[in-house]
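We begin with a single chain expressed as structure tokens, specifically the form predicted alone.
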């Protein structure tokens, strides 16, 4: 794989993978500890509507998709706060409608010749320099926000009602978290695609949670695991001419299986 690093697209792919891994490690940890995996999946699939809108109106892909994803994410956040007993149903509806809108807008786009596979399963090998800078900016924003509100998010993750009693602005921080999650998901779509994005957000934090004694360490371990999975997936895709996004997720899935097997062996005192 080292000879491939002479190519600019491979260098960009590695940088994009590392940036996406840091984003995944930070946001994925909050997703896992707050049990927001289904909500994340809803935002990821509804984001397809933003892709369709961006192409139909000729907007820049990244900004069009982020704008639509933020709008849908805010609706989902409001629903989960006001109607928790119906939130899964409404999220499912928004999930389906968002994808349907994206497909319809792509059908109506004049001269439609878009490769849907690149958005469904990622296009890490085609990430331009401009998107790398945007991913870097988003990564700094997420890490900065997580650092500034670390104690508040720690309290919310532990006990939401207790955090509210302590004076933590739970609703504001919840909407902020969902907004950052929407932006993070759009960034990760570049790497593994909207179908597989939920796996990269949940698998590394799930593994890291078992070996972490603090929220910060869980974020750190998740980021490192994401980087390892991404680099190994890229190597496999290059060596065997496979789809890069799917390769990354398969490596993460293998890591997930190994972690579960080790956990059971340790529980039975076989290790």
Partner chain sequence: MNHTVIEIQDLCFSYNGHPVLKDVNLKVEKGDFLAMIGPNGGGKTTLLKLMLGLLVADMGSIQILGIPPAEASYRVGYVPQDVHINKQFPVSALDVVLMGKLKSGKGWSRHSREDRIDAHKAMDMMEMGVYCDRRIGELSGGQLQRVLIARALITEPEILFLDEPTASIDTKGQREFYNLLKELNDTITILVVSHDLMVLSGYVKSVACVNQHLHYHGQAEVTGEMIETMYHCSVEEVCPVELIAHGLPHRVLQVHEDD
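Residue numbers count along the first chain shown, from 1. Fair warning: this is a prediction, and the values are worked out from it, not measured in the lab.
FYI, the form predicted together with the partner chain isn't displayed, but the following is about it.
Among heavy atoms of residue 159, some come within 4.5 Å of the partner chain in the model of the complex.
Taking non-hydrogen atoms only, residue 154 approaches the partner chain to within 4.5 angstroms in the model of the complex. When the partner chain is considered in the model of the complex, residue 241 lies well away from it, no heavy atom lying within 4.5 Å. A residue is said to contact a partner when one of its heavy atoms sits within 4.5 Å of a partner heavy atom; residue 150 meets this definition for the partner chain in the model of the complex. Stretch-level contact check against the partner chain in the model of the complex with heavy atoms at 4.5 Å: of 42-50, 242-250, 205-213, 64-72, the positive one is 205-213. Between the partner chain and the residues 231, 37, 33, 220, the one pair within 4.5 Å by heavy atoms in the model of the complex involves 33. Note on contacts: among 165, 140, 126, 96, the single residue with a heavy atom within 4.5 Å of the partner chain in the model of the complex is 165.
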